[in-house]
Ligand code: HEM
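This document starts with one chain, in the form predicted on its own, laid out as structure tokens.
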Amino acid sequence: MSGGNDIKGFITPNLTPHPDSRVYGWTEDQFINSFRQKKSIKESPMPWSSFKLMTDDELKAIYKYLQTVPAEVMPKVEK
């Protein structure tokens, strides 16, 4: 969950509650809204169309789970 994986040139983000992560400090509403607005990074392989069918309760469960993951620093990625 700390990111740093290279998927066809896209480096996955850190999703742990570490201060340097992409989602650090997001509220539950901000997390859900990011899925509802279908925000994505152009190069991201994130399957946004699959997630748009999720209910708010399902997205809340993912948010709550991510809050339980130990905070980690994203590993250094060498290109």
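What you are looking at is a predicted structure, and each value in this text was computed from that prediction instead of being measured. When you see a residue number, it is the position in the sequence shown, counting from 1.
There is also a form predicted together with the ligand; it is not shown, and the following applies to it.
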With the cut-off set at 4.5 Å between non-hydrogen atoms, does residue 17 touch the ligand in the predicted complex?
no
Is residue 22 one of the residues lying within 4.5 Å of the ligand in the predicted complex, judged by heavy atom distances?
yes
Within 4.5 Å, heavy atoms only: does residue 69 come near the ligand in the predicted complex?
no
Using a 4.5 Å cut-off on heavy atoms, what residues in 44-66 are near the ligand in the predicted complex?
44, 45, 46, 47, 48, 51, 62
